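One chain follows as structure tokens, the form predicted on its own.
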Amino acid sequence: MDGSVQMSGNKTLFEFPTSRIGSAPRRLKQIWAVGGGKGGVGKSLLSSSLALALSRSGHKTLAIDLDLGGANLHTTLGVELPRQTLNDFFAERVNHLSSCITSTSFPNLEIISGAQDTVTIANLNDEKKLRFLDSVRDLDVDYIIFDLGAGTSGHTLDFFLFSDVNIVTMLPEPTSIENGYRFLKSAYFRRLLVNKKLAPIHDLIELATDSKNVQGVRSPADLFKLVSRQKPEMAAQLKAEIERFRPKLVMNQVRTHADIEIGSSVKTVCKKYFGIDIDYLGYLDYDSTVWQAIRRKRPVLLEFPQSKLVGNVNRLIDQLLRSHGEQKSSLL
């Protein structure tokens, strides 16, 4: 298995598996991850809708519920809780991740249900994470959708950063926006900390993660200035790594034009304070059909195909496929 755990100071940092040079070509095109700062922002709704839309376009798609401890992606797709879930893989009751795949009633769409055991979550160490991510690359599918849990735990951030397309969803509400910024900032710093090329400045990056640090680093922009002063030879490398981080944003449950414009404001703030360019993919209209579909345990794309929400999802899929669909996964 490729991958390791790197020591930086007194902290253990997770490193992503590296590409296997000379390995056989794989079918997998891309992994899309859907994350967010808090619960209830529509991650499972968006994940299931993206997965179903991709499968209906003829792509063999696998949705993986990585909301460890609160898995519900299977419910949004009308699938009963499978007998084998990620619990079985993490506990090594099955030898390969493919043993946890469950068919759905929809052509080209399969699912791996998430772990629902808090003990499993507590024991999700780096070795188990690496085993999972290494197995993901061997799955015989075109697209994989990661439906992530809420918050900024290490494993959630690592799954988000491992993916080819990183999607953050927010609601046009103060608490959701605040938590969304926190999620992006945490992912930003973790991405820099696990990057071996930036090892000479890991101490400065770790310093910046403490909002009360004595150097007065209060934002990623401040971090870049600090590196430019203390390690000028690393400034260009840091800038290059920052520019490679291009998460996508989707605003959910918008009701007004002002709600839609919040996405543009988030993009502006992230550029000013993080130095990163967020792609504002678009928005999902508030739609009362969502709760009706959930109560019926049916995907909203099929239960209410003429709803505004379905039109929103189809536009997002078209945009993502136009911009990323022809690119091969960078993970292979």
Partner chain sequence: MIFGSDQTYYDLLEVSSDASAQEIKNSYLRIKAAYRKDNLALYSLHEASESSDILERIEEAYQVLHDAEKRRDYDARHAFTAPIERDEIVSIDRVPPMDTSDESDLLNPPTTDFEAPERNVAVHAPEQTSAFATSNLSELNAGTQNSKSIAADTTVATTPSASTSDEGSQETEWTGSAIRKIRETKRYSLDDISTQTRISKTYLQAIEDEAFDKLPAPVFVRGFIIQYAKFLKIPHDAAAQYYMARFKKAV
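Residue numbers count along the first chain shown, from 1. Note that the coordinates shown come from a computational prediction; the quantities given were computed from them, not determined experimentally.
FYI, the form predicted in complex with the partner chain isn't displayed, but the following is about it.
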property: Partner proximity in the predicted complex: Phe304 to the partner chain, non-hydrogen atom cutoff 4.5 Å; result: no
property: Distance check, Lys267 to the partner chain in the predicted complex, heavy atom within 4.5 Å; result: yes
property: Contact test in the predicted complex: Tyr181 vs the partner chain, heavy atoms, 4.5 Å; result: yes
property: The partner chain contact in the predicted complex: Lys128, any heavy atom under 4.5 Å; result: no
property: One stretch from 196-204, 77-85, 96-104, 140-148 that, in the predicted complex, holds residues within 4.5 Å of the partner chain by heavy atom; result: 196-204
property: Sole residue of Leu281, Ala53, Ala293, Leu28 within 4.5 Å of the partner chain in the predicted complex, by heavy atom; result: Leu281
property: Those residues of 242-270 which, in the predicted complex, come within 4.5 Å of the partner chain by heavy atom; result: Ile242, Glu243, Arg244, Phe245, Arg246, Lys248, Ile260, Ile262, Ser264, Ser265, Val266, Lys267, Thr268, Val269
